[in-house]
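Only one chain is included here, represented as structure tokens and corresponding to the form predicted on its own.
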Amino acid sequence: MWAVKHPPASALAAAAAADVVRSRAAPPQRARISTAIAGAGKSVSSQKPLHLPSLDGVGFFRAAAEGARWRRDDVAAGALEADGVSLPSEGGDAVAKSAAAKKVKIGIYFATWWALNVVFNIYNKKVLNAYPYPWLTSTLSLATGSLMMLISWATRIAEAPKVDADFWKVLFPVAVAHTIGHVAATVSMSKVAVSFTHIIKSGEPAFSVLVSRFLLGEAFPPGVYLSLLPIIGGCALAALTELNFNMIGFMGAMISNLAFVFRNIFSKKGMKGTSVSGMNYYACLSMMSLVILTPFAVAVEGPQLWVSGWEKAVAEIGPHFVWWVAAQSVFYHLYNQVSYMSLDEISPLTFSIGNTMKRISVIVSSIIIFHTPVQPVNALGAAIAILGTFIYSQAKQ
């Protein structure tokens, strides 16, 4: 007879615990745990070796053996955790925390973006109602943003970008399109209600598809083309039923749409391969747009109109008018800066959806604050256009 000697229970538990800790740290080597545990449990002292035929190669017995090994590992792991021994995690908690932190960050970006845009549109409309010089107000917005970024770079609050002549060369067409779109939108808001301007500007996806299709030869899925029907129909319905319709205001919004489409196209080409952050990219864009816009603003309106209009506005509004001008200039830069910064963190689809929700917040808030009269048919047209924009953002993906 062979005398079988079993190891002490404490030694068996220690061996199992050590093997499980190693298995959790390196999952691919789990088979070694079973070998170690099985070896610890089958220590045999005898005069002759004991030979048993292996059944691991047989399908049924191999599955049973594997199941037994997994069960032994899990039992040992449970024993460790019951004794207060912590096992190394596989990174699941870290991934979950990282995803949650990113969602919070994106939520903050969106909330800040929408809030700044709403405040800008309110103060911008107040300024234009008292001081109808959109070319100057557009110039002041770009000048204020450029000054803010120069101070940030000089004081090292933000790291200055490292750019060369090629960067500015590629940025030039982007700046031209940005300047046209910015001035056209401001001219539009000086003639019509803020809500109407943004309803028309919600038709920007239609311009994007048409330009990309006929000028760039880009093809889209059928769903994208179908999504243009509610966009175009909703904008047309809103325009036809607008109580304070103005052709200059309408054309300004349409030109702004077309200009911003080209700006986005040029931006995609210009930002490829560059290490400039979204915040610094928009800062450089503002500076170049300021250089482009200033001579045109002087030629179209001129200092004489600006001075006389300023004196009249201050006399009618009081010192608050100066605050309105400063606020609209600062908030214009901030909301655009945040939107460009958000592009570094989110996908184009998420950004497009966020932009649609931004227009809704601006339209609703401006109607409430300025007591804009809205007919039910006009509201229906706005809702259809915005819904079409949302469908477009989904279909494009």
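These numbers were taken from a predicted model, which means no experiment stands behind them. All residue numbers are counted from 1 along the displayed sequence.
Absent from the display: the form predicted together with a small molecule. The rest refers to it.
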**OP:** Indicate whether the candidate residues 201, 332 and 358 are all in contact with the small molecule in the predicted complex, with contact defined as any heavy atom within 4.5 Å.
**Re:** yes
Original post:
Tell me, which of 231, 189, 293, 285 has a heavy atom within 4.5 angstroms of the small molecule in the predicted complex?
Top reply: 189
Subject >> Selected contact from 235, 185, 127, 136, since only one has a non-hydrogen atom within 4.5 angstroms of the small molecule in the predicted complex >> reply: 185
Subject >> Exercise: residue 250 in contact with the small molecule in the predicted complex, heavy atom 4.5 Å >> reply: no
**OP:** Indicate whether the small molecule has at least one heavy atom within 4.5 Å of a heavy atom of residue 321 in the predicted complex.
**Re:** no
Original post:
Might residue 131 be said to contact the small molecule in the predicted complex, defining contact as any heavy atom within 4.5 Å?
Top reply: no
Original post:
Applying a 4.5 Å heavy atom distance criterion, does residue 260 contact the small molecule in the predicted complex?
Top reply: yes
Subject >> Options 215-223, 177-185, 99-107, 238-246; stretch whose heavy atom lies within 4.5 Å of the small molecule in the predicted complex >> reply: 177-185
